[in-house]
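A lone chain, given as structure tokens: the form predicted alone.
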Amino acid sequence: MDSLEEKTVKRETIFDGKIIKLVVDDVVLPNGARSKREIVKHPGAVAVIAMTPENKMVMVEQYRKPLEKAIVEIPAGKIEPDEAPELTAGRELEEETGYKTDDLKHLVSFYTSPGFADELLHIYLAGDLKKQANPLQADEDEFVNIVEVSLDEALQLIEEKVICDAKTVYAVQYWQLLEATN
């Protein structure tokens, strides 16, 4: 197979924000032609599938400005510089839900939208949850409601498009597979 690599000949940073950086690359295509690629650079993120002893999934309801609505999601957040994804997972779980765990298992990592972004999302399964009396504080611009749902309730929320992001749909489908094999 011939190389499909696109060689970058110039990169311009258009925006460098708190969460993302937007760059535009001038590239030479495999056939020698030139093109532009708009790329979102992201530090990476984690998401946590947190299960209670009552077999409920701990989720958060949060307003998402790009969607102009509140949705229900599994706890998630971006990886801080020089922070291991597993540490981020534990921190985000506690900040967003008030639960802590020593039982984190890495399930999968995947690129969320490789056509325009380099965000790598790591998904963890958390068991043995312990509610904290004084949990870590959420970010000052982050407002969430904690929601604990059964599998049937989660499936209903997907049908109602209240759960509508890829990581949470993945989490619910993973849960369905676990239930089917048990």
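Here the structure is a predicted model, which means the values were calculated and not measured. Quick note: we count residues from 1 along the sequence shown, nothing fancier.
Another form exists, predicted together with a further copy of the same chain; not displayed. Remarks below refer to it.
Just checking whether residue 37 would be counted as a contact of a further copy of the same chain in the model of the complex - the rule being heavy atoms within 4.5 angstroms. Judged by the heavy-atom cut-off of 4.5 Å, residue 37 is in contact with a further copy of the same chain in the model of the complex.
*asked:* Contact with a further copy of the same chain in the model of the complex for residue 132, defined as at least one heavy atom pair within 4.5 Å: yes or no?
replied: Flag for residue 132 set to no.
**Item:** is_contact(residue 87, a further copy of the same chain) in the model of the complex, heavy atom dist at most 4.5 Å
**Value:** Residue 87: no contact with a further copy of the same chain in the model of the complex.
| field | residue 128, heavy atom within 4.5 angstroms of a further copy of the same chain in the model of the complex | value | Flag for residue 128 set to no.
Exercise. Which residues, if any, of 36 to 71 lie within 4.5 Å of a further copy of the same chain in the model of the complex when only heavy atoms count?
Worked result: Residues within 4.5 Å: 36, 37, 38, 39, 40, 42, 61, 62, 63, 64, 65, 66, 67, 68, 69, 70, 71.
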